[in-house]
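Single chain ahead, by itself, as structure tokens, in the form predicted on its own.
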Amino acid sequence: MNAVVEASERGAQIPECPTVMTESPDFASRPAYFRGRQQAAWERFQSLPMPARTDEAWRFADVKALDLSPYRAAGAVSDAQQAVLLARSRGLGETAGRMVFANDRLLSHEVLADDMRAKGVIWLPLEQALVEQRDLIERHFMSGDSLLGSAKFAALHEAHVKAGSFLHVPRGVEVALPIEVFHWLSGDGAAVFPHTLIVADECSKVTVVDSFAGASDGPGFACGVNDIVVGNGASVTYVAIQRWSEKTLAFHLNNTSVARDATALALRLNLGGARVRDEAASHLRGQGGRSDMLSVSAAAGAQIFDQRTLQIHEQPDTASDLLYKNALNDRARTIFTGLIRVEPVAHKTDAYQKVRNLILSNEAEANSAPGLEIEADDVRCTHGATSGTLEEDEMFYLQSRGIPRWEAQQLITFGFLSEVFDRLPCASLRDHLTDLLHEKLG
């Protein structure tokens, strides 16, 4: 869509959405209840203002980069490129299943674990789940509010989403091997809207790995959302691997709900993208629930990683632990704003928030603003942020043993970042992330 609306108070022109949702050729084929949601979301997107630098939720951010006018809905990739992307969609050695999308179109859906269907696990492309799993979709699909500043882009996602994965793990079922999903973006100016919805019933257990990657080096736009619902006593590990092209503008918005005695562990690996906005909100809604929020970002060139987090403790005896590590080289920038919120009834809360930045260049910049909002007594909450450069003693030690300075810097950077991977329970997943980080660091 080429229409341009006036930006309110700044006098600038802000473009509207890259394409009108109702012009999509497959819009009419979606269920009526979901078409209604998408129409409402489109209206909400149009009514909400674009972010401004004066908005607290966009502090330090470059809002001038939020120009959507160059982007259009992604077209289908060619048969030859499909074959190439399917061959490249291999991350882990053993998986319970693999799903591959390119430009919001399903290329492959493989269930590799023989017992998944026998155990009642439902794992479907989103388009199919909209029809066959309406009750769960209506109950859990984007059911939480966008609290961290990107409500307009959450509405944009809901208005345009058509591709993604839906996973429902029944009560008491454990999926032993990880489930792997690939989302590819191809074509200059292409826009995609990937979605992941995970519903883990009582005492179930599952690991899901989402991989987001650029098939080419051209500019693109990605606006993805994942909803994670962890039932009583359940355990979900979710890993997002972001490797968009370094000319991509991307949003990744997360909403996690953790019930009684449940555990959610989420790790985000940021390697690609030009400007990436990552929002993660974790709601501790049941006594004894725990949420671990982890992130590793290797920023170089002119990359900007903008990270906003929220740990909400709504019930007593809940725990959360956030650890974000960023390494910045060249002219890269990172932004972190995080809040631990403890509701009045959430006594015995145990919450941590730590952000560590390793600055590798005089031109790199890290902005960190952790925070606490505590309304209950008898809690233990700590937060902090540190930024530092390479220790010359460590560099001297390595160089004195014949290691070139550039390689010594890579070794120290890798050791600094890879510590976070040790928090993952799956060895093959740790190895895979290690390989990707080595590749990024050269």
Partner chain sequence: MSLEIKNLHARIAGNGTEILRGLTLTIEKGKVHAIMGPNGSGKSTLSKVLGGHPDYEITDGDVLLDGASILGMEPDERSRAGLFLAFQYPMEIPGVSNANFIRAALQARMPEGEELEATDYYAQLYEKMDMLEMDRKFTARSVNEGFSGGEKKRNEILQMLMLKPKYAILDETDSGLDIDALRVVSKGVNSQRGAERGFLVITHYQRLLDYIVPDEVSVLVGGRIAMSGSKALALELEAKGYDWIKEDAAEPACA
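Keep in mind it's a predicted model, so treat the numbers as computed, not measured. Numbering follows the first chain given and starts at 1.
What follows is about the form predicted in complex with the partner chain, which we do not show.
*Asks:* Of 378, 56, 393, 26, which one comes within 4.5 Å of the partner chain in the predicted complex, counting heavy atoms only?
*Replies:* By the 4.5 Å heavy-atom cutoff, the listed residue in contact is 393.
*Asks:* Quick one: of 398, 68, 48, 385, which gets a non-hydrogen atom within 4.5 angstroms of the partner chain in the predicted complex?
*Replies:* Only one listed residue qualifies here, and that residue is 398.
*Asks:* What stretch, of 410-418, 59-67, 26-34, 369-377, brings heavy atoms to within 4.5 Å of the partner chain in the predicted complex?
*Replies:* In the other structure, the partner sits against 410-418.
*Asks:* With the partner left out of view, is residue 403 within 4.5 angstroms of the partner chain in the predicted complex by any non-hydrogen atom?
*Replies:* Answer yes; at least one heavy atom of residue 403 falls within 4.5 Å of the partner chain in the predicted complex.
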